[in-house]
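Listed next as structure tokens is one chain, alone, in the form predicted alone.
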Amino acid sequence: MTQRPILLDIPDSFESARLILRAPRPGDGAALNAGVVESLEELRLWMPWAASAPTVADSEAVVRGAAAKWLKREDFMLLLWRKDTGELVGGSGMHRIDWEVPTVEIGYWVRTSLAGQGYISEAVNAITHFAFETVGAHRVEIRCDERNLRSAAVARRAGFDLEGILRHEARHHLTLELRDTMVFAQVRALPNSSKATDI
């Protein structure tokens, strides 16, 4: 990539049909904390950062650190807000950025009270489009534990192809058992390529 990432003009918010997706801002910690604490039982199975309940100050530190990383183009954490109520739905973002490709990895979680309503699938579709069209990504990945069937279902619904399974790729953060990681991806078609990607 010829242009320095810090010079890229990347808006810090965008929308889907029901959601406002935006970068964290100072003051978002209380809303984030409420969503995480409500959903801790489900989150802690898959998310190392949810192994124990955060304080509001912990969550505020997370959003402020994420805001700084967004400005430096190091990581793009996103908070998902309902348009109709302003309620925090969950979190997502574009992580593990490699600007040489560029490639990003989408991660996501939904608060327990709003699960099963299609918000995360909607967010992933919007973020994928944003990654290709605005960030300039050529590859977008989703990785999840092979046993995380709901996460894998989101990837498949969003049109991501399962490229492979990394066997014994990591240890579970709670049990320390070896786990396998599923790798899903979409890629932007190169010029003159016969295989196009729907974005």
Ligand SMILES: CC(C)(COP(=O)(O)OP(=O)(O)OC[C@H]1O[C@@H](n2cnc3c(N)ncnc32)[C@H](O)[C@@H]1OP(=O)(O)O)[C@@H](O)C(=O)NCCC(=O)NCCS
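Residue numbers run from 1 along the displayed sequence. Please read these numbers as outputs of a predicted model, since none were measured by experiment.
What comes next is about the form predicted together with this ligand, which does not appear here.
Peer 1: So which of A31, A67, M47, V135 reaches within 4.5 angstroms of this ligand in the model of the complex, heavy atom to heavy atom?
Peer 2: Exactly one listed residue reaches within 4.5 Å, namely M47.
Peer 1: Exactly one of L79, I127, V104, I120 has a non-hydrogen atom within 4.5 Å of this ligand in the model of the complex; which residue is it?
Peer 2: If I apply the 4.5 Å criterion carefully, the residue I get is I120.
Peer 1: Within 4.5 Å of this ligand in the model of the complex, do we find a heavy atom from each of E42, G116 and R157?
Peer 2: Every listed residue reaches this ligand in the model of the complex, so yes.
Peer 1: Spell out, yes or no, whether the shortest heavy atom distance between V110 and this ligand in the model of the complex is within 4.5 Å.
Peer 2: V110: yes, in contact with this ligand in the model of the complex.
Peer 1: Using a 4.5 angstroms cut-off on non-hydrogen atoms, would H172 count as touching this ligand in the model of the complex?
Peer 2: Judged by the heavy-atom cut-off of 4.5 Å, H172 is well away from this ligand in the model of the complex.
Peer 1: Mark S151 yes when one of its heavy atoms lies within 4.5 Å of a heavy atom of this ligand in the model of the complex, and no otherwise.
Peer 2: Because a heavy atom of S151 falls inside 4.5 Å of this ligand in the model of the complex, the answer is yes.
Peer 1: Classify R18 as contacting or not contacting this ligand in the model of the complex by the rule of any non-hydrogen atom within 4.5 angstroms, answering yes or no.
Peer 2: Yes - in the model of the complex, heavy atoms of R18 and this ligand come within 4.5 Å of each other.
Peer 1: Out of the stretches listed (162-170, 56-64, 139-147, 23-31), which one is close to this ligand in the model of the complex, meaning heavy atoms within 4.5 Å?
Peer 2: Of the options given, it is 139-147.
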